[in-house]
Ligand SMILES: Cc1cc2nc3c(=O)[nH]c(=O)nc-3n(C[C@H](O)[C@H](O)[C@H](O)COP(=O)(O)OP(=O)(O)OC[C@H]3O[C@@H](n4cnc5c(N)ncnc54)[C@H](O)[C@@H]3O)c2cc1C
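Take a look at this one chain, the form predicted alone, written out in structure tokens.
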């Protein structure tokens, strides 16, 4: 596939004579320094995954707003119906909202993660600094793996919006698709991120400082959302938090009984589940802010009156989009979290039982 949108280089030393190395820093501290650099690179890769997928999404918006194909579904039995741009079709709107909801959640989560560095550097409170550092530690693998894995899916969905054109090199999505995949591999493949999250950030941390800090912020968001965000959405999120706590206890039980193979086999599904809850958290937070702002502009307008306000007022359209994006994620994506939890706690051991001999090149006859 190649890396077509990234500037990379290769350095070679010693081809034309002696190659001399100089020690930087103290002896036996190199690994520690390297991982500090690596963690910062992982954060940057998360941002790149989000940005690359965002570019694909924006191209999909432009295309779907201009491509005329088919009649409105409400007029599909009318032989004289005029064609409409495909952005009006329900399945296309679903794809666009799916991309939008993930990307906006990712952006908020990445900004929140980076903001913790401002607290670490600028706060006068040691407790605040410790909590901020704990949040950075647990969010780094979630953002790196979650945003880049999902970035591949988002870019694929953007290509789907184009139909056959999206797969042609004359259109930009092919390049974004190629660049999306490398980000899930860079700076430690995403399986490594999952093991880091599972072991270092949670199970090997007796005081659970990272998870406690994260849950504290999530609970604070829920408290602020009460009375603003519809109870049906808050209920879904609260249920997910309860299931997440139970899932952590499940893994602690595996740790206590020495079932490390089971832990590692379920590490990536666990990170995927954590990503879902963290993105949902951002949407509860954003909905708490956006809902009143939209209400102040749009009020109780409905139907054609509401459509006119959103068409004529960019602020109204922006906040309406934010509200719908958050409601879409909480209502259609977050419920899938329960299925992930069930799949993990079922504790299927096939991946543990499989030996190299079962992976053959021959297909079953």
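It should be emphasised that the depicted structure is a prediction, and the values quoted were computed from it without experimental measurement. Positions refer to the first chain, counted from 1.
What comes next is about the form predicted in complex with the named molecule, which is not displayed.
**Student:** Going by heavy atom distances of 4.5 angstroms or less, which of 160, 78, 189, 295 would be at the interface with the named molecule in the model of the complex?
**Tutor:** Selected option: 189.
**Student:** Identify which of 195, 152, 119, 84 has a heavy atom within 4.5 Å of the named molecule in the model of the complex; exactly one of them does.
**Tutor:** Result of the distance check: 195.
**Student:** Flag residue 213 as yes or no: does it have a non-hydrogen atom within 4.5 angstroms of any non-hydrogen atom of the named molecule in the model of the complex?
**Tutor:** Outside the cut-off, so no.
**Student:** Does any heavy atom of residue 8 come within 4.5 Å of a heavy atom of the named molecule in the model of the complex?
**Tutor:** Close contact exists here: in the model of the complex, residue 8 approaches the named molecule to within 4.5 Å, heavy atoms only.
**Student:** Would residue 261 sit within 4.5 Å of the named molecule in the model of the complex, counting heavy atoms only?
**Tutor:** No.
**Student:** Wondering, does residue 265 line up within 4.5 Å of the named molecule in the model of the complex on heavy atoms?
**Tutor:** Taking the distances in the model of the complex, the answer for residue 265 is no, it never comes within 4.5 Å of the named molecule.
**Student:** Residues in which of 179-187, 276-284, 93-101, 135-143 have heavy atoms within 4.5 Å of the named molecule in the model of the complex?
**Tutor:** Every other range fails; the passing one is 179-187.
**Student:** Are there residues in 280-302 with a heavy atom within 4.5 Å of the named molecule in the model of the complex, and which are they, in order?
**Tutor:** Sequence-ordered list is empty.
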